[in-house]
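Only one chain comes next, encoded as structure tokens, the form predicted alone.
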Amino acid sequence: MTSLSRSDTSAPSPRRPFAKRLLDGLSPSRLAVPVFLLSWSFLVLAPLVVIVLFSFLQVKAYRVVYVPTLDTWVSLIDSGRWMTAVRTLRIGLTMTVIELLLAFPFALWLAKGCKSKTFKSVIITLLTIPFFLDASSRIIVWRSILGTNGAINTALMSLGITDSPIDWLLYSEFAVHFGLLGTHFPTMVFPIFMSIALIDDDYIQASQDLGAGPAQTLFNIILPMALPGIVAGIVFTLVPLMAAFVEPQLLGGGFVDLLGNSVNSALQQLKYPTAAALSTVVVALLGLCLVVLILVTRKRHDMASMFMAIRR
């Protein structure tokens, strides 16, 4: 009887039906990553590959010739458009640094210094206004303010500060920088604000109780914990800056040509391989900047641990 009972207890359990096992294997947790990777590859990576391949074609008689060639890339180098890429990278990096220097203290004050919830809500709402207005309708207003007969020059000459209008206020790199400033300020502020707002006030209070000054608290507590937001702000600001074309077109007056303007011009002239090559240059420059950013930030934190820190 004892051996019989042992054999009964050690008998294998009946196998579940195949359909049940298949459904268990297709749980949402197991499907999430493959579905995301497949969707991302189809919607984002595949078009980028097509753009790169399209840059090795050429147009003859307004028709695309599907024969691989380097003529498009050679023409870009011979025409001097590589200077446009250098100018775009320089302006993009300069504006990103300016936005960071302005946005970080503002986000710090908004997250920890502003005590009125109503006032904070009003400021956050005002920061979203650029997202609801067309870029050209916002930028065109500055032409009447920065022009030689605009409000600024009229006020300066009326006050006797200048004898003649200042011509570099419009149709110059200064005007382009000025126009880009307000457009991309919210994209830098919001990630930094969210990251700083998640910092527990107890950390700041403990730092002060241990005798740390404001500068020590800033560099040893706030900056390391706000690093995920800073990195996100840099990415969300630099990427659209590299593709900007409205501000250079309206405020640059054709004197400040960026890659975005060159791509738009090539598309209007039906030079699709040229537009694809210029777009490939933009993507390559962005990839280079992101690689440099990863190499710089990983000395203190790797990317994954930085963004996981937001969960604190």
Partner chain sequence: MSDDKIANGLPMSRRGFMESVLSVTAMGMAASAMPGLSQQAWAAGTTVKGYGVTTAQPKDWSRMTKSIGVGIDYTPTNADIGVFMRDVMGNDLAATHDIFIFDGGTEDILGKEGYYAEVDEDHPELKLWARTADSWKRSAFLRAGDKQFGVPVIGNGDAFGYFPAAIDANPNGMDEVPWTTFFEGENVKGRVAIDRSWLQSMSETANYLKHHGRITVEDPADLPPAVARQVADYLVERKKAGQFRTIFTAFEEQVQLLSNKEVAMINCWEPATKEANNALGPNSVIYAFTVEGYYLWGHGAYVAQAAMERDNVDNIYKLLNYFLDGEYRAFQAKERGYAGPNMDLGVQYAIDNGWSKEDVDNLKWSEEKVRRKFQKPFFCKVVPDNADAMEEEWQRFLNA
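Since this is a predicted model, take the numbers as computed values, not measurements. Numbering follows the first chain given and starts at 1.
What comes next is about the form predicted in complex with the partner chain, which is not displayed.
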Exercise. Please run the contact check for Val59 against the partner chain in the predicted complex: heavy atoms, 4.5 angstroms, yes or no?
Key: yes
Quiz item: With the cut-off set at 4.5 Å between non-hydrogen atoms, does Thr84 touch the partner chain in the predicted complex?
Solution: yes
Quiz item: Do Asn220 and the partner chain come within 4.5 Å of each other in the predicted complex, heavy atoms counted?
Solution: no
Quiz item: How about Gly213: is it within 4.5 Å of the partner chain in the predicted complex, going by heavy atoms?
Solution: no
Quiz prompt | Listed residue (Leu270, Leu45, Val35, Ala284) with a non-hydrogen atom within 4.5 angstroms of the partner chain in the predicted complex | solution = Leu270
Quiz item: Ok, Gly160, Gly80, Pro105, Gly113: which has a heavy atom sitting within 4.5 Å of the partner chain in the predicted complex?
Solution: Gly80
Quiz item: With the partner removed from view, which of 181-189, 140-148, 127-135, 233-241 is the stretch that lies within 4.5 Å of the partner chain in the predicted complex, judged by heavy atom distances?
Solution: 140-148
Exercise. Verify the flagged residues Asp167, Leu170 and Asp257 against the partner chain in the predicted complex: is each one within 4.5 Å by a non-hydrogen atom?
Key: yes
Quiz item: Using a 4.5 Å cut-off on heavy atoms, what residues in 237-263 are near the partner chain in the predicted complex?
Solution: Gln249, Gly253, Gly254, Phe255, Asp257, Asn261, Ser262
